[in-house]
Every structure is written in C-alpha cells, then in structure tokens.
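Coming up is one lone chain in structure tokens, specifically the form predicted on its own.
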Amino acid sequence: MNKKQLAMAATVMTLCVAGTSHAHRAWILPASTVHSSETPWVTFDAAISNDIFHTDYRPMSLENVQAIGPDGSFIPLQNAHTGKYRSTFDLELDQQGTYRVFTASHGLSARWETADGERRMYPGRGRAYTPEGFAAEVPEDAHNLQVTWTSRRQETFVTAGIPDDTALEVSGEGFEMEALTHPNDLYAGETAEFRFLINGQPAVGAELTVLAGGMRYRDSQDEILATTDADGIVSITWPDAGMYWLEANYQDDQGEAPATHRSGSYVATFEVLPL
C-alpha cells in the first residue's frame, strides 16, 4: 500500500468530524466550482465553524486533504497555509475535467467500563486509531464493551471545461456518495440525485441535512432534511443558487468483528448555479 492509499485509509481524524456537535461543522469551500479558461487556479478555504462558510471557530488540518484529477492521479495542493480560523490552499486545474478534493478515514472506536465503573474510550480525544493501539488498549473482556467501525468522508468538486466522471468513481470502501447527478451540474429549481453506499452497498435510511451558505444572515437555518430510499438514493431540489453544505449520517448493526456496529459520516460542499 503506497502513501496515498494509506492516506485514503487514514485513521479517524478529530478535525474532520462533522456532526460531533450540531454547533460546529467542518467544510472545504472552493472559491468557484466551474471554470472555462485553459488552466485555471482555484483557491479553497477549509475550516470548522458555527455558521456554514463563516470562519469563526478553528481551521481544518490539511494533513490528509487530497485532490484527484480527471485522469485519476493525485494532484498536489499548493500554497497551503493554516491561520487562526481557517486553512487555505490552491489547486491548479491543468487538465480538462472534474477534480475531487477530499479527506477520507475509517477505523474502530471502543467504549467500555473498568471494574470500578470508570468509563474508558479508544482512541482518546485528539488521538488516531491504529490496529496496534486498539489491540493493546482495549480489553477483550471489558465490561459493557461497545466497538463501532466508523467511516468519515468530506469532499468537494471542481471542473475545468466539460465535466467528467473519472474522479467521481466510488471505492467500495466506507461511507460514500455516488453522484447520479454530476456535482458540478447543479442548477436552482432543479433536482439532483445521489446514492449513498456503505462498503459498496446501498446505505438505506441514511439521514441528510442540507444547508445553504449565508445562514448567519437568516432568521432560521432553512435546512432541507431527507432520507435515502431502499436503493440508497436521495433527491434534493435546490431552492436557490449559491453554495450549499450537505451532511449525511448512517448507522447499522452490521459491523465485522470485533465491531458490532457501523457508522458513517459524509460531508460535501456544492455550488448551485442560476438557470
């Protein structure tokens, strides 16, 4: 397994968790998503905030942020910088087609009680899962042991020229979105369809929340709530043009030993254009 593959299978990262708190949401935001010049550059912000796309809490770590180009190869992030409230980086779109910018992680987590009733968890806050750490720190006979396999993915998409699908291919591993509607072909008033998968199979009953940017200027969040159907598919009708944040969460009791449960968290940023 090479370094890029290891990064894709990276252990669960605290900073990439969207959904650990309803107040704090993680996001990667491109300045724009559709470009017509020959070799455009795109600047991205990455942060964890209280209000969508408003940097008011802390920056996102760029350690495991990656980009895949239209030919399926990994593209380097350039001019990366982390400040007080946000991280930024640039991407040169030197190929025509669609790029995926993302983080992806999965691993086991455990909770249990000691003989004295003290609660323990692995990995601890700010730590990452490793098979060696799990084997060393989690007792097999721990009282009230709960082991969950968790998958997290966060991404956004940008296109130079005509959109294509190479960078959108799903891996069949973890909690993923299959774009039945191209994510850079979204328009106000139209409906997009996405399929959510857990290890390549439909994630039935995944719960979604969609929020438009600019929520700090609204009296209410005006969220769109949806649930995937028996095929893992969800339909979203975009009410207006603008940037949107989508979060999907999933859980079931189909974890592989030593896990008894699986959970998935997925976050994406989309740009919806006017008709």
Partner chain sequence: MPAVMTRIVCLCLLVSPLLPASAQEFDVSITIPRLDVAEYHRPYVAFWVSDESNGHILDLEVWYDTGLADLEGNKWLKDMRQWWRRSGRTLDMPVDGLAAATRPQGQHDLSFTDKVSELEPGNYQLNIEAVREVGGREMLQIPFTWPPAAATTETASGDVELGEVRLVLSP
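Residue numbers count along the first chain shown, from 1. Predicted, not measured: the structure shown is a model, and the values here were computed from it.
The form predicted together with its partner chain exists for this protein as well; it is not shown, and the discussion that follows is about that form.
- Contact here is defined as any heavy atom lying within 4.5 Å of its partner chain in the predicted complex, and by that definition not a single one of 100, 165 and 170 is a contact residue.
- With the partner omitted here, the stretch from 110-118, 180-188, 143-151, 129-137 that lies within 4.5 Å of its partner chain by heavy atoms in the predicted complex is 180-188.
- Comment: its partner chain is not present in this chain, but in the predicted complex one of 231, 38, 240, 56 has a heavy atom within 4.5 Å of it, namely 38.
- Shown without its partner, this chain lists 62, 34, 52, 236 as candidates; in the predicted complex, only 34 has a non-hydrogen atom within 4.5 angstroms of its partner chain.
- For residue 161, a non-hydrogen atom is located within 4.5 Å of its partner chain in the predicted complex, even though that partner is not displayed.
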